[in-house]
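Coming up, as structure tokens: structure 1 and structure 2, two forms of one and the same protein chain.
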Structure 1
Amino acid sequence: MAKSNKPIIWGTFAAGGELVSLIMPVLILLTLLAATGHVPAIFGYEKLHAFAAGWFGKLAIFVVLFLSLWSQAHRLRITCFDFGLRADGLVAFVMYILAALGSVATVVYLARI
């Protein structure tokens, strides 16, 4: 029986899709509150920086961004195919390379905090 990488891709797609649908509305709401100057004290700069500086915060931020990037890379790959771009190998390569670069950039950025 032939081995396939599809479970890995579909797993990150499913996990990322769930995470995006649950976490992103909250992040959008918090961003809107911050833009209007109504930020709760718990979401102040000092507290969020302290969270992001700890190992758990870095891990949480990485997981959210990693799964979001890979989920959306796969979604864009399928969207390109639906729009008639039939060079699936090239599109998959480009999308997944961009997701990998975004993941590496996330690690580099989080290491600087």
Structure 2
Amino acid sequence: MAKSNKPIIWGTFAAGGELVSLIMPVLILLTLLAATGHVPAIFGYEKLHAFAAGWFGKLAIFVVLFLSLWSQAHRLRITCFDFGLRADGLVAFVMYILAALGSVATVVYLARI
């Protein structure tokens, strides 16, 4: 049987879809509260920095950003196709490069905290 990279792409698509569906609304609600003057305690610099400095916080932030970046990159690729942009190879290349750059940036920023 021919080898395929589909399981890897589909794995992040499914895991990302599940995680994004479960936590994205509440994450947006948190920043929306902060934006409207009801800053949640976790957004204090000391608190959030301490969370991101611990191994669990680093892992949680990495998993959320990594899965969200890859699953949304994959979905945006399909969205482009559905809106009539048929250069799928180019779109896929751009989307997955952006997701890869975002993943590397996440690791770099976490390492600096």
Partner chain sequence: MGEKMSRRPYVREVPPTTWYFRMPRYMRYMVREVTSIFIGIYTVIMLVGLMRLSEGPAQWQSFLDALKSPGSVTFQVLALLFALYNSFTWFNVAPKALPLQFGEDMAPDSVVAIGHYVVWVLLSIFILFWAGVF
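For clarity, a rigid core is taken as the largest C-alpha set superposing within 1.5 Å between two forms. Values in this document were obtained by computation on a predicted structure and should not be read as measured data. The first residue in the sequence of structure 1 is number 1, and each one after it adds one.
Practice problem: Determine, for this pair of isolated chain forms, which one is the form predicted on its own. | Solution: Comparing the pair, one sees that structure 1 is the form predicted on its own and the remaining one is not.
Quiz item: Core-aligned, does E46 move its Cα 2 Å or more between structure 1 and structure 2?
Solution: Yes, the C-alpha position differs by at least 2 Å between structure 1 and structure 2.
Quiz item: Hey, does L30 budge by 2 Å or more at the Cα between structure 1 and structure 2 once the core is superposed?
Solution: L30 C-alpha, core-superposed: shift of 2 Å or more.
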